[in-house]
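Shown here is one chain on its own, the form predicted alone, set out as structure tokens.
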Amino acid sequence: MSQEQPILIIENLRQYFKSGFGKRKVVVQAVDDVSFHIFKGEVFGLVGESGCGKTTTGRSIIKLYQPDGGKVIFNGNVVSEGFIEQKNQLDAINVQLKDNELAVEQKTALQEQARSLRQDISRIKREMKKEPDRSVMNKMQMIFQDPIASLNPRMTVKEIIAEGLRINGEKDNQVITDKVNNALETVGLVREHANRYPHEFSGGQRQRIGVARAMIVEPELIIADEPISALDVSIQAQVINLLNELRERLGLTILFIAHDLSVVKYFSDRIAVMYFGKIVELTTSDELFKNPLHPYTKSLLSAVPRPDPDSEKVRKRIRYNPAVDHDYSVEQPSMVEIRPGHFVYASPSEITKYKSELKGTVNESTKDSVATLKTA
């Protein structure tokens, strides 16, 4: 895994949805100020409970949703951008300009800021209306969560997999047939499957078809949105092994979205834990399981079952209650790098507490090492 330059950079991503009617309309902050980056060849895990914003993050990255705020930068190209921050700043300035007691210099400065913000918003709106650059977007593909709903039941497997090729202008039927056959064999299916329909396959086979559809345009980044959650355990292992094999053989970069921490630990290099639209902890897979800091991360890890009846009898679930576990009435939280590569969303007093926890963990590890050496 190369860590010279990130292949994907997410900066302050925001995705809001409106629900209700009239005065009852409310804004749901599905993704709120999310930032992370993924290096080439890396598997980056995004975990959290259902409804925390994982899938929305993936869909916003690939432009199935237009972000309300922040930037998505892929291979150095800004593929999508929102303007909610600029709009909020402009609204605040407009309120200030209504103050009749403002000095002339202050009013002039605010008007200049407002003009700059309007220009920025206009630029982003123009970019949003442009046709996306296919040469960039083709390098980013998605494997969807539901292997049944994501495949058109009226299309054959060949038509489903070849759709990306046809959209990109490929018209030679022989070239299409050869590429579809190669894609099928790459994911462990056979050429004869090309003329069948999705309902003729098992869940695991359908998901392999979804992988083949994503792979046929030769992407650099795959967004795998809970690709195994609808499958049996034995089939889950097959799909994970397939993705691992493709990653090693083709040098793929994978954003792996899931809620099963045991699977994510096995498959991911780094993991981001998401809660209520925000990333609350981000670090390497080994570090997260060894030294979880955020109460929500600890709660998730406590729910992971172990294949040991004795430990399962005494395993205690840790309940996470934000109202009890945090007090942000005085201190505001932010994402802080508490040790190299280990980020946590916390207030200053919580950071002090977490550093103390980490120090205690290091001391215990040192004692264990010394005891082992003495025994040896």
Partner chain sequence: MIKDNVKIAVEDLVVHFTTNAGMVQAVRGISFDLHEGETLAIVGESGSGKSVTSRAIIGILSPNARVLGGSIMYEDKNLLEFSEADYAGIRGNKISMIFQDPMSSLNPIMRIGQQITEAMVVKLKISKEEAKERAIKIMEEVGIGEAEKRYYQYPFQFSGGMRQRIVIAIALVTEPEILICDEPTTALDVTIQAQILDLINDLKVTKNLSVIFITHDLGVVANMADRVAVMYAGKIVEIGTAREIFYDPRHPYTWALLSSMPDLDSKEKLFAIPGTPPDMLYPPKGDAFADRNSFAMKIDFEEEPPFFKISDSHYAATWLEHPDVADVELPPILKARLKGKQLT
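These numbers come from a predicted model, not from an experiment. Positions refer to the first chain, counted from 1.
Omitted from view is the form predicted together with its partner chain, to which the following refers.
Only one listed stretch (146 to 154, 297 to 305, 83 to 91, 128 to 136) carries heavy atoms within 4.5 Å of its partner chain in the predicted bound form, and that stretch is 297 to 305. Shown without its partner, this chain lists Lys179, His259, Lys158, Lys278 as candidates; in the predicted bound form, only His259 has a non-hydrogen atom within 4.5 angstroms of its partner chain. Residue-level contacts in the predicted bound form: of Val95, Val233, Val104, Ile167, one residue has a heavy atom within 4.5 Å of its partner chain, and it is Val233.
Within 4.5 Å of any heavy atom of its partner chain in the predicted bound form lies no heavy atom of Ala109. In the predicted bound form, its partner chain lies within 4.5 Å of some heavy atom of Glu312. Taking the partner from elsewhere, Ser50 is found to have a heavy atom lying within 4.5 Å of its partner chain in the predicted bound form. Although the partner is absent here, Glu185 is not a contact residue: none of its heavy atoms lies within 4.5 angstroms of its partner chain in the predicted bound form. Each of Ala237, Ile240 and Asp286 places at least one heavy atom within 4.5 Å of its partner chain in the predicted bound form. Contacts of stretch 262 to 277 with its partner chain in the predicted bound form, defined by any heavy atom lying within 4.5 Å, are made by Ser262, Val263, Lys265, Tyr266, listed in sequence order.
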